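Just the one chain here, laid out as structure tokens, in the form predicted alone.
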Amino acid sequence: MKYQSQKVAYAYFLAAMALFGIQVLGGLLLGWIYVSPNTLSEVLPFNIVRMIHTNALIVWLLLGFFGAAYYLVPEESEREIFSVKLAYIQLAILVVGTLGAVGSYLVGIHGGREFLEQPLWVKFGILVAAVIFLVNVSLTFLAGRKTAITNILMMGLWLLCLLWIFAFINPDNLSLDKMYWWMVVHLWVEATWELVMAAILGFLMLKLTGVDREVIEKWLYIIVATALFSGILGTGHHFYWIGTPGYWQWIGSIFSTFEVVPFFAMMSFAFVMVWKGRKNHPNKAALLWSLGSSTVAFFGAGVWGFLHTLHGVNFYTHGTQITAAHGHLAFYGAYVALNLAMFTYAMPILRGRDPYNQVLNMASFWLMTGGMAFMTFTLTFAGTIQTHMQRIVGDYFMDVQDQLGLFYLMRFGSGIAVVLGALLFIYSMLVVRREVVKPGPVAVPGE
């Protein structure tokens, strides 16, 4: 650790991992409710558990991004964070807002808009936290060295925070409501978050591979250009069936097809950097998570997204378990695994126990990734059958759901693997001690 103010990232990573644990446990409960629908239906209804599951996902990923920024911006800018106190105030606001939102959901108070269910006061709290963050990192960035990594990170984070303003716009007209809603949800995960992902991945490649900065910067600018080119108008694939003009079907289909490109570029970037660098970095687990993130993101966000993005296909598949398959693998690869890669790299340094025993961490990668891959295949098969029976044959929704019971049971089994992997990761980060390097044989004089 080069700068003392980087320690603030540790608090963000801890809060993120706590919410990560809550999120995956909530997901496991949801998986069981699909198998046994009346589970906790009076005490904790499905819609409330789902809000907690999805909201915890979004918040812990954001905490991870903020923590990553507070770790890498000082190192890239070659100066301390402008104000550590502001960073902790921002974290406190986000934690209080998260607890307030969960408490509101549990008593039935929510906005009713998926992902944006937070009560109004929580939304304002998030906005205040975002402003504090932008002031803090921007002043640090402007006063220090400028690099492609920080340029791209700052662009992504500024756009991410500014797009949150659309969360406050909630018109009565449902079509308009959905258009503004996607300005947050789509332009976050399929545009601005991709910039954050590229910047963090670039930083990790710089540290783990030893490749020249100039080479990494050229790749990053190409990735960012393709992400913004495809992601902005790619929003149109959400406008197909909400009452918008028919031309969105072609705009959405064409630009959504190009959304595969930045994810393929990121996967290629990661593997080429490792191949060119050939650096024997001791933190093999961080390298595994980085390569795994870019690879799974390509398949989850790229390939599985393309499977049902063309409007002629989406007409039949939208809202089925195919959507769930794409969403789970895309989020896991692009953002969950990326954050876990950053935690794996930075936390041993922040805790002063680098190098550390990485066996459990790497085991957690394979357990989580294997579980998520199996879950994706299971949901894809379930969604294919659901599409045929419900959208083609015309069977009733609940009759079709009864026919998918075996797939939901298998999905629950894969969820157990993901939860065990997540808990193993948290344990490997917080409990496992520094690796003891065994001394070699000592030569005795005269022998």
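The first residue of the sequence shown is number 1, and the count goes up from there. Keep in mind it's a predicted model, so treat the numbers as computed, not measured.
The form predicted together with a small molecule is left out here; the points below concern that form.
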Contact test, all of 64, 269 and 425, partner the small molecule in the predicted bound form, heavy atom 4.5 Å: no
is_contact(residue 330, the small molecule) in the predicted bound form, heavy atom dist at most 4.5 Å: yes
Are any of the heavy atoms in residue 382 no more than 4.5 Å from a heavy atom of the small molecule in the predicted bound form? no
If we define contact as a non-hydrogen atom of the residue within 4.5 angstroms of the partner, is residue 182 a contact of the small molecule in the predicted bound form? yes
Decide whether residue 360 counts as a contact residue for the small molecule in the predicted bound form under a heavy atom distance cut-off of 4.5 Å. no
Report the residue, out of 273, 200, 220, 336, that has at least one non-hydrogen atom within 4.5 angstroms of the small molecule in the predicted bound form. 336
To test your reading of this chain, name the stretch in 82-90, 135-143, 103-111, 318-326 whose heavy atoms come within 4.5 Å of the small molecule in the predicted bound form. 318-326
